[in-house]
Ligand code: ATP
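As structure tokens, one chain now follows by itself in the form predicted on its own.
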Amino acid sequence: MVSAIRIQVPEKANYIIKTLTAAGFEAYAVGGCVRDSLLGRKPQDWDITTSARPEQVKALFARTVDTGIQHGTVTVMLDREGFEVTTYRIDGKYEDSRHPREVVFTPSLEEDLKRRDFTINAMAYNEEKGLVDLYGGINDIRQGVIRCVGDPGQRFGEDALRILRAIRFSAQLGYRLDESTKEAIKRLAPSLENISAERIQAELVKLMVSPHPDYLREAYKCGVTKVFFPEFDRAMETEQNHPHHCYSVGEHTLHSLLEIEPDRVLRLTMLLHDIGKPAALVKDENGITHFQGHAQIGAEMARTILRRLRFDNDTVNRVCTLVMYHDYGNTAEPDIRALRRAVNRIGQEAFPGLFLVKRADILAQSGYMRQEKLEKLDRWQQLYRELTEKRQCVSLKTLAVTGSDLIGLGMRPGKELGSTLNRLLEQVLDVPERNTREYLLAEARKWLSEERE
């Protein structure tokens, strides 16, 4: 089907298409850029598909890069901006649930579009022909459906990562999964075991920062999380019988994801903040569930999960810190002195995110005492604002003296020096006004003198 729908193709991408067509070849913008344009979004990349062979593409442009020439892809460089140009192709047999053993170039646009994953990604466009939509992509956009091109079993059999991509696209767009596509996902979910942790991580992050991170529920129902995130399945199956909760651990997690901004670290924190609860579960004589120590257990589990999915060390450390301390201050009354010590222990860089995590956690609980919890959190936050506005010292970084100052008093480098700095910091955490060079050096001199007597 060729449609009269018009898309605004950027000048450089259009130049490549027109250059190829002027040379007697077919050429179209294809895939995600067409889909996003139809959705009123600004595409990140403009990919081009063509009947020209890679060597013919290279002959038409001054600067090209062989980015995937064995699969027919050449990157055309125009003023330092790259555009992937790929020859129409038919994929050969898939041997690893991810990559075709070989590709065969074809003169047929229809054959090229037929091998693509979902109908919304299988449309092509140029100014001369308009929109080429052979598999109902426009209708599926109108209906809000993620549907495989052709046989979903074959599409997922070719590339198992498409299983997770289907759920990710549904979360990004707020679309439902076509029933036949969903059934194929359920049947073929175990084949995700053949996909690298890095690729699963990339799809999971995109899902987490999407407008609908709670669509991870669909991954659970289809048996997808069982393959790479079985801890989440256990959370979904762990009930919380307690006045403070109205959902299972997993459902509480999914609701909490919707209560926090789409930041990578914050969404991953909410995904994992209660992951330790199933392991900590105990029931009292009244059948009430309790999860003492779940934060520490969860932080350890979160580290294992994130490393399994090949997350970088910075992300692992930041998420695990927030998971470890997400219950901080729940029982204690707001106190500036206690807060200074908490900031020293947890780290000042974590605190702004910690308040957001705690608020999302509260909003995903039952309504029991919710207002009181939020008011207490506001008081803690107000104390933190005061602490930062006054620039109160909460770590050795902002202590008014350094190790060099103590060495200047005659103290030797080593364990004793570090211990003295920490003793001075303890005084400052109790009484911030003591953070002056004069006071701290006087205290250090006194201690040094007492030790020498």
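Since this is a predicted model, take the numbers as computed values, not measurements. So that there is no doubt, residue numbering starts at 1 and follows the sequence shown.
Not pictured, yet referred to below: the form predicted together with adenosine-5'-triphosphate.
J.: Mark Arg308 yes when one of its heavy atoms lies within 4.5 Å of a heavy atom of adenosine-5'-triphosphate in the predicted complex, and no otherwise.
T.: Residue-level check for Arg308: no, no contact with adenosine-5'-triphosphate.
J.: Considering non-hydrogen atoms and a 4.5 Å limit, does adenosine-5'-triphosphate approach Asp47 in the predicted complex?
T.: Yes.
J.: May I ask you to state whether Pro54 is within 4.5 Å of adenosine-5'-triphosphate in the predicted complex, using heavy atom distances?
T.: Flag for Pro54 set to no.
J.: Considering only heavy atoms, tell me if Arg168 and adenosine-5'-triphosphate come within 4.5 Å of each other in the predicted complex.
T.: Output for Arg168 is yes: heavy atoms within 4.5 Å of adenosine-5'-triphosphate.
J.: Using a 4.5 Å heavy atom cut-off, which residue among Glu251, Asp117, Glu231, Glu218 comes into contact with adenosine-5'-triphosphate in the predicted complex?
T.: Of the listed residues, the single hit is Asp117.
J.: What is the one choice in Arg187, His255, Lys206, Lys129 with a heavy atom within 4.5 Å of adenosine-5'-triphosphate in the predicted complex?
T.: The option sitting close enough to the partner is Lys206.
J.: Would adenosine-5'-triphosphate in the predicted complex be within 4.5 angstroms of a non-hydrogen atom of every residue among Gly31, Arg35 and Arg199?
T.: Verified in the predicted complex; spot residues all in contact, yes.
J.: When adenosine-5'-triphosphate is placed as it is in the predicted complex, which of 395-403, 408-416, 39-47, 424-432 ends up with heavy atoms within 4.5 Å of it?
T.: So the stretch in question is 39-47.
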